[in-house]
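Only one chain is included here, represented as structure tokens and corresponding to the form predicted on its own.
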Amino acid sequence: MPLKNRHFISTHECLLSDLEALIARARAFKHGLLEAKPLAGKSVALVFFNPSLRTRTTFELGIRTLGGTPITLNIGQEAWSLEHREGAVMDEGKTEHVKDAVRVLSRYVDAIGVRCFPKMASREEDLADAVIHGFQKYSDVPILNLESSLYHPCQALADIMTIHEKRGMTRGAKVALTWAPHPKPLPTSVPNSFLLAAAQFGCEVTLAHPPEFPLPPLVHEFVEKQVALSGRPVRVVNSQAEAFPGAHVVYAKSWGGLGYYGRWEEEKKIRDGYANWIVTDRKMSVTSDAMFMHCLPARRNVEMTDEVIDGPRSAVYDSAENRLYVQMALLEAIL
């Protein structure tokens, strides 16, 4: 199904052929093949509930490069604080409801990008991806997911583009997606989206995490559907020693424990026992000369050592650069 005028929430809602076309177009943009200004006369609102470096920069730059106008709104700062709960009695801190704000924005702009990083307080709310779906429900223009509670699809597509550039292919690439230590509980959005996209593009993925840190069952359901289409397996193990040998790619990312939502002190005690999940040169030495990936920002010498992220096999900056071109291709396809 063509992407034109469609919402873009997660890659698993898209056909593989459409995603492959996006990455091909992104490569063309990267090599300077921009013949026209396809977003001339178009405007895109970029709504941020949370801080951003790469996402904000690449989307603003990409929209301008394509001839469009970006309008960035930081919720609670330049824009009113927003309530997203249905039927909420708004007698406390939130100033405006999503249904009102989105209906108004839809009359001003041609698309709305939303970054709604979860607070990691309500498991039910985060697994429902309530904020991004609230925007989707009330918008008359396409909604682009700039990272929600469950998904970060633009990062995943940039990662897939990077693997293809470095390895020459994605199908059959052996990928180790590993949990890593971190001083804070983080959402599962990046590992969810990377796992889904890697499965869609035919990678052989081994997901490694401590027993207390599984990814959401819903995501595994979607992954199984992709595995059935690609014919490539996805393994789940509870040690890096099982995941790293022979890997072509090692992707490190931390995420919170689904069973510890809102109970950080309990989760921290568990996390403290897994500090040895840091990615080191010694662990990388058993791979098949694997490239190292991380979405950034990275907690150096906690998630990975300096030697790994600064080493010759690190592709973290290549993937960050590719965010720009993937998002340009996405904006062109949708608008």
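Residue numbers run from 1 along the displayed sequence. All values derive from a computational prediction rather than experimental measurement.
Not on display, but discussed next: the form predicted together with a small molecule.
Student: Applying a 4.5 Å heavy atom distance criterion, does Arg27 contact the small molecule in the predicted bound form?
Tutor: Flag for Arg27 set to no.
Student: Examine His84 and determine whether its closest non-hydrogen atom to the small molecule in the predicted bound form is within 4.5 angstroms.
Tutor: No.
Student: Give a yes/no on whether Val47 approaches the small molecule to within 4.5 Å in the predicted bound form, heavy atoms considered.
Tutor: No, no contact at 4.5 Å.
Student: Residue-level contact is defined here as any heavy atom of the residue lying within 4.5 Å of the small molecule in the predicted bound form; does His209 satisfy this criterion?
Tutor: Flag for His209 set to no.
Student: Of these, Leu33, Ala36, Leu61, Leu53, which has a heavy atom no more than 4.5 Å from the small molecule in the predicted bound form?
Tutor: Contact check passes for Leu53.
Student: Find the only residue in Val286, Ala40, Leu296, Ala275 having a heavy atom within 4.5 Å of the small molecule in the predicted bound form.
Tutor: Looking at Val286, Ala40, Leu296, Ala275 one by one, just Leu296 meets the 4.5 Å heavy-atom criterion.
Student: From the candidate stretches 171-179, 73-81, 149-157, 241-249, select the single one in contact with the small molecule in the predicted bound form, where contact means a heavy atom within 4.5 Å.
Tutor: Every other range fails; the passing one is 149-157.
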